[in-house]
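A lone chain, given as structure tokens: the form predicted alone.
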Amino acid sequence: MWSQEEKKELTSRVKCRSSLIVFALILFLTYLTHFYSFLLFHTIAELFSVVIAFGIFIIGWNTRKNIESSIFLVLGVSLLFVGSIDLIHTLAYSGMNIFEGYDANLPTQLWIAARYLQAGSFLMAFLLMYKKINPNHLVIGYTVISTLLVVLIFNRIFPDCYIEGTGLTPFKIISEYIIIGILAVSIIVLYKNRKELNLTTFRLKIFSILSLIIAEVAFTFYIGVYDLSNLIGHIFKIISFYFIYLAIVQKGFEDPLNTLFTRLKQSEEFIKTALNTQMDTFFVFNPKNGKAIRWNKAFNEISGYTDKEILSMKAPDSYYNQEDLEKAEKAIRNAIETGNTTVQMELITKEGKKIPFEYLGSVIIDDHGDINYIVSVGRNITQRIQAEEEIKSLAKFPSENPNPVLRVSNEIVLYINDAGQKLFNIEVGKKMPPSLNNVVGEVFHTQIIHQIELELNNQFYSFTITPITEKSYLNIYGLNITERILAERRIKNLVSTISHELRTPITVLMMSLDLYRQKKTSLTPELQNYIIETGEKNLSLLKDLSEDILMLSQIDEQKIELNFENYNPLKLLQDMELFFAPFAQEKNITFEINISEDINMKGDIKRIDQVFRILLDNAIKYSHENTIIKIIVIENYKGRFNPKGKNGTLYQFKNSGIGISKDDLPHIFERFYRASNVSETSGTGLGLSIAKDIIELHQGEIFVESKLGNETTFSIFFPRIENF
């Protein structure tokens, strides 16, 4: 059986061979026309190159704002004018009888002018491949040069190139060799930049220039305008322009698109892995048709449904009863207004079992304000409900209850257990806690059971206040819900991350791929290239985000276990220097490491390595060119970066770069925060947050000092393991 890769390779080869066969047939048929009429052959050959030249201009001009490389712009604009002169040359050829009063010298002069312009443009395009060029200035320049050449030729000022009865002039022959020299230099320049080009595209451009050189050599030998050398020259000119067509219109996009879809698949795997590590359920569906878009492994395991069954079921109707669906509709309306919402519903499993869930939901809305997708993250609250039931049971034995229990009447505490006394610091006979005053008064007035959540002494509590009508007092039962609140915050952060941070790259990818599918045949190659570059950029961002979110999720869920072992900081930093050397060399940045080889530490080497990579990556990104990144390590440090006076080691990373403003400094370690002066540099805004979390897991601290446009220093203090 053939693999997918083998099938693609086979298909590509078949298409390539088919294209070459068709071209060879066209070339052969064009060649045959010279037996009937050389003038017909010449006209077909020239019009072939003129059409391709004008086509390349249309591509280069319409993609000038989207392509960083200037090669398409220069080639496009230049070939417009080269093609125009070639068109006049075709009309002026001997036998056409369009321009009266001129002989065969006129088309030969136009030919040599067009070749000078073409060869010079090739060289300029390759030299200025990644330089910004003003399109308007380029058009004006070529207009002036081309107009001047045509005026000189038609006013018989341009040097003679062909004399009837004699043949080519020395000027024409020497010019052909000069043009060949310019084309040879173009090949050398193109070869030096070969790493910047697709291999197939590079080869096709080389073949195009070589074919043009052969054509120019042939044009140095002919005596009559209809002889064999002229025939050979025009055949190789057709071949040259065909290779340009393949290089720019076809091969420039075939391989990048395949790469885009491969990377898209890899990004999909990263996202899938990140979601499947979550214990909470994750579910995305389209509310318009009830089709499930994405879900994680936790949803499969809890619901009992297979992927195939979930795809065939209508969401959310298949998983909840009517009462819960009505609650969900209200929650969705709330999500549209506030961005996200919370709702409790009972998930109905495949076996018919009902499991209570608390969902945090978010909506993804299109440009018209319509809901495209609903994202929900659900947490099984069975244990929480059981705990609440247990509290109700424990309330029967208030003195033994580990949670606060009170009885109040007329603002006076009639009873309070030990847990309540410790929490509120009051005794029987005293006024009830001020934090409960308002709600207690309301319950006395309405005689309706009420619940309230309060933050007390850095802990979160849920209080149920029950009126006892015949006794004229209230029973207050408290439940410590700190763990639940913190868990909800973690879920909310996850939902916010998925719905906000991932929304833009996913939307851009979907729109790009939809555009490619729907208008595949009508897209210009440069627009296809722009789609590819946009896709690659967003796929890279998705990959980084999924890896960072997975890391943060493990930190939040306290799933990271540190593996402490001995390590030598000098060895670790030297390995890091080797890893980042290629990236530093691009900006001519050097490293200066000041550390004793005798220093030894204990820690999780993998995590410490991750911290150093984050800091060095940022240092290189935001450093100026031709600067030094200094790394200083101080053993037994007792300065201001060790406020608790522990025994340990200080690491400092200093770089000279864009710096951090005073307004940004207090937020630099917050998740997803990016300084105001780094918007043009790629990043997720999670690196420093992850580094800080890892450092704190080692009981260490990180500090930053910086001035905008100047030096930035990150200082990390790691205590010795025995001080933990």
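Sequential numbering from 1, following the sequence displayed. Predicted, not measured: the structure shown is a model, and the values here were computed from it.
Quick note: we don't show the form predicted in complex with a small molecule, though the next part is all about it.
Novice: Tell me the stretch among 22 to 30, 694 to 702, 659 to 667, 43 to 51 that has any heavy atom within 4.5 angstroms of the small molecule in the model of the complex.
Specialist: Going through the listed ranges, the match is 659 to 667.
Novice: Sort through 619, 532, 123, 238 and report the residue having a heavy atom within 4.5 Å of the small molecule in the model of the complex.
Specialist: Result of the distance check: 619.
Novice: Counting only non-hydrogen atoms and a 4.5 angstroms cut-off, does residue 675 reach the small molecule in the model of the complex?
Specialist: Taking the distances in the model of the complex, the answer for residue 675 is yes, it comes within 4.5 Å of the small molecule.
Novice: Find out whether any non-hydrogen atom of residue 715 is located within 4.5 angstroms of the small molecule in the model of the complex, and reply yes or no.
Specialist: Close contact is absent here: in the model of the complex, residue 715 is far from the small molecule, nothing within 4.5 Å, heavy atoms only.
Novice: Answer for residue 59 alone: is it within 4.5 Å of the small molecule in the model of the complex, judged on heavy atom distances?
Specialist: Output for residue 59 is no: heavy atoms all beyond 4.5 Å of the small molecule.
Novice: Is residue 685 near the small molecule? Define near as a heavy atom within 4.5 Å, in the model of the complex.
Specialist: Yes, residue 685 sits close enough to the small molecule in the model of the complex that at least one of its heavy atoms falls within 4.5 Å.
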